[in-house]
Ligand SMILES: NC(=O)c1ccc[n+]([C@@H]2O[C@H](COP(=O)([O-])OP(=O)(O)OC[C@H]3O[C@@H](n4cnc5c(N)ncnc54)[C@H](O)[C@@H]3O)[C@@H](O)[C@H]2O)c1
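Given as structure tokens, the chain that follows is alone and in the form predicted alone.
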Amino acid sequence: MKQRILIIGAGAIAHHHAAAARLLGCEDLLVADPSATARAKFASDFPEARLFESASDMFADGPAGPKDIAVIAVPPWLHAKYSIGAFDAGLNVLCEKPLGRDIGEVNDIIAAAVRSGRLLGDCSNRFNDQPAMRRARELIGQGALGPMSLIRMTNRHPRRRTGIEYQPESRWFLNREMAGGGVFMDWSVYDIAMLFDVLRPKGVTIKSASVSSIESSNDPTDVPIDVEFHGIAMMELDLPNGQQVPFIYERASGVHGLTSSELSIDGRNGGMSWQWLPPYEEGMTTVTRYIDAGASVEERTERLSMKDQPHFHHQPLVAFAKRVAGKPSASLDENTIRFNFALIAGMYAVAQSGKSFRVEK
């Protein structure tokens, strides 16, 4: 049987998934969207696609094969509905991030996957399994850092608020009921998926967290803002070797302050950082080690080619298709997906309650 890839939604992100389907040599691409305008644009860009007005019509096109994949490329408030519907139709499901708006929706989606006997993937792994990550994991495994003392990760942008400065046409990002949350839901899902794929923690204790917004003269006047643009958490990671390491985390898309990006690990015998986000200059990414040189610290940077790495927007479907085919894959399994999302939900819970929160794998 031909492998079918069925995409729900025909917006911008769906075009990226369709491009990934082409890379995979997909012989039967199906797309559903109620918007005639969106379908027409999609047909122009991907004339090989078969277009449907509704997901139910697309699901009824034929019986699901064991390797067929449904891609849920609609906004978050529709993720649970269409993921569960696709599982009920017998399809494997790759869902856009965040998988759900809360842990209850994530549990419902995973339960549907279990009932159907099909696989679930999510798109939080867009930046996973890059050469710098693999090298970082290798160095840590070799003990190059010694016992770790601190993990620090921050990514701050004064004005990159999704729904305002970034993708301003999508005001739903500013509505908590529709989006599930702000910068934690929109961007932290990537950070956590990437970092945890390197460190593989068995558990996390969130000791404190806070979320906040800002007021700006660039704020929209047509819709209220109901989400956070700045999130901070202090955590402790339980690593596979038994170490418990402090983790300081910050994500901001809107602040009255500096632009800053840092990913660093301090250890007794050395330190390390690596590039985890684009742009990748000249198709290269980097890993930097900080090595004892007596009275100073020597900095050594390795440049690693990204030539054979899928584009980050293609990565989720390419990796998930390998997993569905039973091949080694960078796609996250259901247990890891739930663990990572539970941490995101936990940061919100701690910010609201002021009480620490424990997540275990």
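Quick caveat: nothing in here was measured; it's all calculated off a predicted structure. Residues carry their position along the shown sequence, with the first being 1.
Beyond what is shown, the protein has a form predicted together with the ligand; the following relates to that form.
Q: With the ligand left out here, work out from 34 to 42, 63 to 71, 296 to 304, 327 to 335 which stretch has heavy atoms within 4.5 Å of it in the predicted bound form.
A: Stretch 34 to 42 is the one.
Q: So the ligand isn't shown here. In the predicted bound form, which residue out of 181, 76, 271, 163 has a non-hydrogen atom within 4.5 Å of it?
A: Checking each option against the ligand in the predicted bound form, the one that comes within 4.5 Å is 76.
Q: Going by heavy atom distances of 4.5 angstroms or less, which of 213, 167, 216, 107 would be at the interface with the ligand in the predicted bound form?
A: Contact check passes for 167.
Q: With the partner left out here, check for me: in the predicted bound form, does some heavy atom of residue 313 sit within 4.5 Å of the ligand?
A: Close contact exists here: in the predicted bound form, residue 313 approaches the ligand to within 4.5 Å, heavy atoms only.
Q: Whether residue 10 contacts the ligand in the predicted bound form should be assessed with a 4.5 Å heavy atom distance threshold; does it?
A: Residue 10: contacts the ligand in the predicted bound form.
Q: Looking at the partner-bound form in the predicted bound form, is residue 97 within 4.5 Å of the ligand by any heavy atom?
A: Yes - in the predicted bound form, heavy atoms of residue 97 and the ligand come within 4.5 Å of each other.
Q: Can you tell me whether residue 126 touches the ligand? I mean in the predicted bound form, with a 4.5 angstroms heavy atom cut-off.
A: Yes - in the predicted bound form, heavy atoms of residue 126 and the ligand come within 4.5 Å of each other.
Q: Within 4.5 Å of the ligand in the predicted bound form, do 229, 247 and 339 each have at least one heavy atom?
A: No, the candidate spot makes no contact with the ligand.
Q: For the heavy atom contacts within 4.5 Å of the ligand in the predicted bound form, list the residues of 165 to 197 involved, in sequence order.
A: Counting only heavy atoms within 4.5 Å of the ligand in the predicted bound form, the contacting residues of 165 to 197 are 166, 167, 170, 172, 173, 186, 190.
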